[in-house]
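First, one chain by itself in structure tokens, the form predicted alone.
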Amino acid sequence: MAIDLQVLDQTIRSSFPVSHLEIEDQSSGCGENYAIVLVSEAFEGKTTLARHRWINEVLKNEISQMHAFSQKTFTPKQYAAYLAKGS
């Protein structure tokens, strides 16, 4: 079953204080392959693994219906540095 992008967005926003969120449907519109970039102050002091486990737990129902899910997580400071590198 395909996951609606808006459901994914609402679930994330209701679970984390979001500074920035990008959700990309990488499945040509069928809703079975998503990639997210999530920036949240809630990630301060957490390892990347802990952040990803947290997101996986929050989205476990949605992820179970997907073919693929990838994520990048940043604190606001890390995201600013990431953007500065890419520019």
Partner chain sequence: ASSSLLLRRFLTQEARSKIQSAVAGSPVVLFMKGNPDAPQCGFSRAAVQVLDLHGVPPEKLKTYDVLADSELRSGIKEFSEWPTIPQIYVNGEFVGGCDILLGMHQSGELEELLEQHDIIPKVAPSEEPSSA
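Just so we're clear, the structure is a prediction, and the values are computed from it rather than from any experiment. Residue numbers count along the first chain shown, from 1.
What comes next is about the form predicted in complex with the partner chain, which does not appear here.
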State yes or no: in the predicted bound form, is some non-hydrogen atom of I63 no more than 4.5 angstroms from a non-hydrogen atom of the partner chain?
-> yes
Report yes if any heavy atom of H52 sits within 4.5 Å of a heavy atom of the partner chain in the predicted bound form; otherwise report no.
-> yes
According to a 4.5 angstroms non-hydrogen atom cut-off, is H67 in contact with the partner chain in the predicted bound form?
-> yes
Contact flag, T75 vs the partner chain in the predicted bound form, heavy atom cut 4.5 Å = no
Taking N33, N56 and Q71 as a possible spot, do all three reach the partner chain in the predicted bound form with a heavy atom inside 4.5 Å?
-> yes
Could you run down 34 to 48 and flag each residue that has a heavy atom within 4.5 Å of the partner chain in the predicted bound form?
-> T48
